[in-house]
Every structure is written in structure tokens, then in C-alpha cells.
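Before any questions on how it binds or moves, here is one chain, the form predicted on its own, in C-alpha cells.
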Amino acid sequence: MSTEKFKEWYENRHEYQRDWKKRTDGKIVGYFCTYVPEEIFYAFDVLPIRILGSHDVQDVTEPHLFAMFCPFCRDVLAQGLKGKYDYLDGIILAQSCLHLRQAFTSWDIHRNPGWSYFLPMPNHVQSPRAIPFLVGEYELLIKKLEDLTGKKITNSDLKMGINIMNSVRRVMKEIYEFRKQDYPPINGVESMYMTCSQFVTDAREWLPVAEDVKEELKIRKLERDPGKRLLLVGSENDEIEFIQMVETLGERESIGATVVIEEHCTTTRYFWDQVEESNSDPLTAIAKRYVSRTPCPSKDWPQRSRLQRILKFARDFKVDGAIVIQQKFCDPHEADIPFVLKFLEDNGIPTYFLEFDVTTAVGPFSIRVEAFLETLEAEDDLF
């Protein structure tokens, strides 16, 4: 199955990226948040790669970050300080949370690769001034990328970048459609390898593999009972080991499960919305997309707009329950999760809350997840 290529790319991301530089003589910029407009980087033929968690216990960030900053941010910074990304030509952060901003700032100070940029992505995305403000910031980013590359770009280049990223988003959504089936031909682990591998590879090399996977899924059947269908909601989560644990519980216990949909910035919040390609002003079109995409909780105010999308996911993918995850000490989600839990429960969707740490083993969570699945089974037995 072509999904094995996704796993290979994800697990060997550093080797892939070093090899990409040798093959193309191109530049790579690491980004810290999915509000960074990848379209603009592809317009410059610069490879944007997302810095994901290593899931290793870190021991170098204490002088730089408070211990009460989220473990994902500390994990990201630790990788930078240890030189794991010493092949990068630059780093960039689009403003999201303060914890991640401090991780970026410390990396910028202590391991600056020679080019760095802070993009002031507006937090008040519901303001009518958000789009023109962001267009102006993109113009400044373009000037900074001209310094990095020595190139000038045109609207045609921007439209090329838009087409690349829209193609990526389109095929991801098409693959996610298969997960709506009563017996999905792709499980949650494979889906996460798909999305995470796209963060760390050239989209133009990733796309043909994804297209092959889409065709293979039309005839593929998994030899497993999907069990309880679960929705994951919450903080950044590229913890594939956790999803694997959830989906293999059925091999050890009587109750199995499949993660059929997620709402977080590693998957649907990242790719669900496209840029309008018919817009004659590509920079404005890109800004509109990033302002109106499913928002991060740090930007989902004063109206909580993502609740209805979460509910639609739950219904469209026929979930039996939702696991709501918060990275430990994640302030935006900590403020948001009580509303998410109440909203889901008010709409008849059983929920279970987990506080998560990307640098610790997932084993202790298995008992808690198993208990949640048992409650779902018990509720079914009552009706």
C-alpha cells in the first residue's frame, strides 16, 4: 500500500530534507504554525516544512522557557537548540500562541540559521480589517523572501503556489471522505501519517503518492472491525503513537475503536479550506483563506465559529464519541475546551477529556481510553 511511503517520509524527515537540498540546491524554511502561507514560499520555490514534535524527553529548554509552557513548544525548541534542524535556511512563525512565539524567539536568538521572520498574523480574524492588514504583512514577507532568494515573484508565481497547496488540500479531503464509510479502508494512524508527511516533504513529490493512495482506497478493505468511531478534538497533536494505541485496543480487549476524524491543527484545521483560485488578486485570495479557515482557539473570538464545524464532523463521520485533548498548559485550548465539551454533550455526543504531554509515553492513557470505550458500549446496551 502506498501509505507506507507516508510513514517512511514522516519517520525519516531529516534525511529526506537533507537529500532534497542536495538534489535541488533549493532552500528550506521551517515554520512553527499552520498560519504561515505556504503558497508564498512555493511561489519563491522555497520548501516550507513544519517543525513537528520529536516526542523525546527534552532537557535543554529550562533556561529559555517556563516549565509551565506547553510540552509541544518545549519539544520544538529543544530540537532547534540541539541542532536537529541545522540544515534549515530560515525559520518563520505566524503569530498564534505566546508559548510558541517564545520557542521561536529563543530559537531565533540561539540557533538562527541566517534568515528568520515573525509574521504578525492577526488574532482578531473576525475583524473586517484583518484581510487588508494581512495583505500588507504578506507584502513585507515577500520583500524578506526576496532577500533570502534573490528572486522577484509575479502574480503567476503566486497562483502557482496557490494551485500546489489547493491540490494538496483537495486530495486530503478526498481521502478523508473514505473515512465516512461504515468500514473505512484507511485507519486513523495511516491518515495521520498522510497529513504529517505532507508537512515535511515537497508537496510536488507528495501529491502523486497521495493520488495513488486515493485510487487504491477505492478497492481496499481492511481486515478489522472499526469498533467505536471516534473524533479527536483539541491541541496540536501529531502523536501517532497515541492513535495507534487507541486503534489496537481491540486486539487486546473486547472493545475496539477507530479514529475516523480529527479537528486540530495537524489535520483538518490545516487543510479543510482552500484559496479561491478565481480571484484576480492572489495575495488577497491567500489572506482571505487564512483569515476565514477553521480558526485556532487563540483566534476564535468573539464568536466561537468552530463549534458548528466540529459538530458537522461528528455527524458526517458518524462518530460514537469524542476524545478532547489538551496539550498540558496550553492556554488557548484550556480556555476553549469547557465550551467544546459542553457543546458536544449538549448535542448528544459523549466526550472524554485527556490532558496530554507529547514527551511522555502513551501507555498510561490506554486504561483511560478503554474505560471511555466501555462507557460507550454500556450506553449502546441500554438502548
Partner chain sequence: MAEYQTEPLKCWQKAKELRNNYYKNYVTARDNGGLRWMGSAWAFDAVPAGLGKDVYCITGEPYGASCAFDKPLSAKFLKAAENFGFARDLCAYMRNYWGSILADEFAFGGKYPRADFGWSQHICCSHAKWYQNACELEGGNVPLFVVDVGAGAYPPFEPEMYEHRVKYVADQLMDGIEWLEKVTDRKYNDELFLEAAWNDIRSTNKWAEICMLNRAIPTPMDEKTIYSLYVFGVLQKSNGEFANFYDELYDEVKDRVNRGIAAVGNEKVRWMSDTQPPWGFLKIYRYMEMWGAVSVGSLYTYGLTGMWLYDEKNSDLKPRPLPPTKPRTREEACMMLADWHLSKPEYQHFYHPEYKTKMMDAIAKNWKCDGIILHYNRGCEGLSIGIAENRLGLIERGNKVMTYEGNMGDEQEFDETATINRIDIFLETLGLQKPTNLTEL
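Residue numbers count along the first chain shown, from 1. These numbers come from a predicted model, not from an experiment.
We do not show the form predicted in complex with its partner chain, though everything after this point is about it.
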| property | result |
| --- | --- |
| 4.5 Å heavy atom contact, residue 249 and its partner chain in the model of the complex | no |
| Its partner chain contact at residue 128 in the model of the complex, heavy atom, 4.5 Å | yes |
| Contact flag, residue 208 vs its partner chain in the model of the complex, heavy atom cut 4.5 Å | no |
| Residue 219: touches its partner chain in the model of the complex, heavy atom cutoff 4.5 angstroms | no |
| Contact residue in the model of the complex, chosen from 115, 178, 301, 272 - any heavy atom within 4.5 Å of its partner chain | 301 |
| Heavy atom within 4.5 Å of its partner chain in the model of the complex - the one residue of 149, 244, 292, 102 that qualifies | 102 |
| Per-stretch contact check against its partner chain in the model of the complex, the hit in 310 to 318, 60 to 68, 45 to 53, 30 to 38 (non-hydrogen atom, 4.5 angstroms) | 60 to 68 |
| Stretch 324 to 345: residues contacting its partner chain in the model of the complex, 4.5 Å heavy atom cut-off | 329, 331, 332, 334, 335, 336, 338, 339 |
